[in-house]
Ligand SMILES: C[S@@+](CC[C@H](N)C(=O)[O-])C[C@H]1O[C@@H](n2cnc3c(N)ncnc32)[C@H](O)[C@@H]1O
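Here we start with a single chain on its own, the form predicted on its own, put down as structure tokens.
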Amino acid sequence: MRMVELVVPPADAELAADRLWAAGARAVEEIADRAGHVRLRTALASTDALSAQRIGALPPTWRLGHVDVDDEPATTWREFANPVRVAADLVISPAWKLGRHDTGTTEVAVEPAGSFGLGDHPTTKLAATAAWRLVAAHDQVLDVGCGSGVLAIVAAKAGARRVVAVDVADAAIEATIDNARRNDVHIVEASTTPIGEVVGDYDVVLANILAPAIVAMSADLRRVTARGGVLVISGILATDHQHVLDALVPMEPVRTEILDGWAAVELRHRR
């Protein structure tokens, strides 16, 4: 696996990690080396040049590199992965561990494609549960930061007539397209289109992304949510997300669900 590697002074590790998250990282590995530096590794874009472009200009004390990492140690977890029930009639399963479930249960098969997520993280479970409950027949849905595509697929299975999925990472788009095909879903349109360039409005907008990204995108998240629609934000801490809600005013929170210290909040436009 080709990885981006940022080598930074220890005092800059958190700032460097934030830069990688903003560039589209889904997981960041932090390694302290013998020289007293911190090495931060993640998978970003399909080429080294595009990864560097996503990260942007760096301080003089930071060093950007690219390394090839053996996939084998990173995949041993797969034997321990199991299906996750996110609703009474919805299960998200590893693509290599599909099972038999009760009649009437919908199973979504997911190949995480590296570090894009299986659906077992609390934020994904919360967002998937909300999507399954909220999406109605003929709805248009937008999945912002689609990752492996699990939320887009859940929305399609819930009855949406159109699902648009966007992410800054090329690998996320590839994973979303691959998983949509795996689940026989043909209405998901996946691309790296920035949310600022997404046109139209949507009945349900799903944003399972970190709080700083939600704040940065707040104006566009409000814009793309239809007047009678709902915005679902996840990826936020249960005890520290008021600043995110403040950024989304005049939209109002109408429902909050909490799981393992994380929150998902549903917001609607004021009537």
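Treat the numbers as computed from the prediction; the structure is a model and nothing was measured. Throughout, rigid core stands for the largest set of C-alpha atoms superposing within 1.5 Å between the two forms. The first residue of the shown sequence is 1; numbering continues from there.
Below, we refer to the form predicted in complex with this ligand, which is not included among the displayed structures.
Trainee: May I ask you to check whether D139 falls inside a 4.5 Å heavy atom distance of this ligand in the predicted bound form?
Mentor: Residue-level check for D139: no, no contact with this ligand.
Trainee: Is the gap between A130 and this ligand in the predicted bound form 4.5 Å or less for some heavy atom pair?
Mentor: Outside the cut-off, so no.
Trainee: Can you check whether H37 is within 4.5 Å of this ligand in the predicted bound form, heavy atom basis?
Mentor: Taking the distances in the predicted bound form, the answer for H37 is no, it never comes within 4.5 Å of this ligand.
Trainee: Would N179 count as a contact of this ligand in the predicted bound form, using a 4.5 angstroms cut-off between non-hydrogen atoms?
Mentor: Heavy-atom contact with this ligand at 4.5 Å: absent for N179.
Trainee: When this ligand is placed as it is in the predicted bound form, which of 131-139, 82-90, 180-188, 160-168 ends up with heavy atoms within 4.5 Å of it?
Mentor: Comparing against this ligand in the predicted bound form, the contact stretch is 160-168.
Trainee: Of I209, V224, V230, A43, which residue is found within 4.5 angstroms of this ligand in the predicted bound form when only non-hydrogen atoms are counted?
Mentor: Result of the distance check: I209.
Trainee: Ok, A13, A22, A247, I258: which has a heavy atom sitting within 4.5 Å of this ligand in the predicted bound form?
Mentor: The residue from A13, A22, A247, I258 that makes the contact is A22.
Trainee: What I'd like checked is whether D203, V205 and A264 together line this ligand in the predicted bound form, meaning each has a non-hydrogen atom within 4.5 Å of it.
Mentor: Looking in the predicted bound form, the three residues D203, V205 and A264 all stay beyond 4.5 Å of this ligand (heavy atoms).
Trainee: Pick out the residues of 38-59 whose heavy atoms come within 4.5 Å of this ligand in the predicted bound form.
Mentor: Residue within 4.5 Å: R54 only.
Trainee: Superposing on the rigid core, is the CA of A263 displaced by 2 Å or more between this form and the one not shown?
Mentor: A263: C-alpha displaced by less than 2 Å between this form and the one not shown.
Trainee: On a core-based superposition, does I55 travel 2 Å or more at its Cα between this form and the one not shown?
Mentor: Comparing forms between this form and the one not shown, the I55 CA shifts at least 2 Å.
Trainee: How does the CA gap of R19 and I209 change in the predicted bound form versus this form, closer or farther, if it moves 3 angstroms or more?
Mentor: Pair moves closer in the predicted bound form.
Trainee: Closer or farther: how do the Cα atoms of L20 and A264 compare in the predicted bound form relative to this form, given a change of at least 3 Å?
Mentor: It is closer: the C-alpha separation of L20 and A264 falls by at least 3 Å in the predicted bound form.
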